[in-house]
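Take a look at this one chain, the form predicted on its own, written out in structure tokens.
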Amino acid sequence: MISRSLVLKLLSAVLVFGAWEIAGRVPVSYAFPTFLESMTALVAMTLDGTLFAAYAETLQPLVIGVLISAFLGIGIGVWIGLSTKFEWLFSPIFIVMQAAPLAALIPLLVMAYGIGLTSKVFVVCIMAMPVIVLNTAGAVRNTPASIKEMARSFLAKDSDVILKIIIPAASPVIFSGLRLGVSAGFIGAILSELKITPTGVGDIITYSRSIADYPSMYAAIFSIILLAVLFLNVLEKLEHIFFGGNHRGYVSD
């Protein structure tokens, strides 16, 4: 039996793509192709290997940047959540990073690190890391005090309290922050290709726009959205598997 959520998702997709097709046929703009034209271009780029070659370039800084952001972000977030002094010192930095228009920093990164892989990885990191750090810090900071006191009453060491109590209790929220960080990382990867040097999917978008091949341009954009949605759905399933029915809050709740 098809679940209600799946039916609603399919209905939402039909409404969006139907509105896209109608808007393209009206048309709302000469530069706005129909949904069918865009999907035809997407299939053509997939069959001739253009899309696979592009994603081989795009995924490289994305994967490296997300791994660095996850490792450092969770570590820094745990430290901020455990230490008030460390929170006062570093938490404002990540709050500003999350609120500031970080695209303005890209020219500075290019001046410092050139137009290669390093700059693109930095862009992914500065987009993904703040949300991971802040979610992790909030989860650690709000771990119920009762279970920490219970562990200390049984003479648990500080390392045991952190590794066996605080981190497991905060894991669902940390995982949610990681999912949001991956989403921001996708934005950073494409932004770096559009702002630093046109490679990968960003190159398809830039080149298609320059020659007025708008179906291919929209097809490339659609492929980015589709890949991001699929990846985030996989992470959401993993979150549900790992944390079961308690995946919306703390394990200790």
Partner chain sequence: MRMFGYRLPGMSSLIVWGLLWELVGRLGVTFFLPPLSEVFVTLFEVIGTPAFLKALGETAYAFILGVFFAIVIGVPTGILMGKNRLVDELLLPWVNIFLSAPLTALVPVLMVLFGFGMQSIIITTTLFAIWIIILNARAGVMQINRSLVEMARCFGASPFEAFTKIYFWAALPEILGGVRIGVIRAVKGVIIGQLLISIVGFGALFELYSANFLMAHFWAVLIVLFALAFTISELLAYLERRVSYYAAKR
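Basically, rigid core = biggest C-alpha set you can superpose within 1.5 Å across the two forms. Numbering follows the first chain given and starts at 1. Because the structure is a prediction, the values reported are computed rather than measured.
We do not show the form predicted together with the partner chain, though everything after this point is about it.
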Of the candidate stretches 115-123, 91-99, 133-141, 70-78, the one with residues having heavy atoms within 4.5 Å of the partner chain in the predicted bound form is 91-99
L11, L108 and I224 all contacting the partner chain in the predicted bound form, non-hydrogen atom within 4.5 Å: yes
With the partner left out of view, is I190 within 4.5 angstroms of the partner chain in the predicted bound form by any non-hydrogen atom? yes
Since only the chain is shown here, I'm wondering whether L232 would be in contact with the partner chain in the predicted bound form (any heavy atom pair within 4.5 Å). yes
Mark L82 yes when one of its heavy atoms lies within 4.5 Å of a heavy atom of the partner chain in the predicted bound form, and no otherwise. no
Would T46 count as a contact of the partner chain in the predicted bound form, using a 4.5 angstroms cut-off between non-hydrogen atoms? no
Going by the partner chain in the predicted bound form, which residues of 181-200 come within 4.5 Å of it through any heavy atom? S183, F186, I187, I190, L191, L194, K195
After a rigid core superposition, would you say the CA of G49 moves by 2 angstroms or more between the shown form and the other one, or not? no
Indicate whether V28 shows a C-alpha shift of 2 Å or more between the shown form and the other one, with the rigid core used for the fit. yes
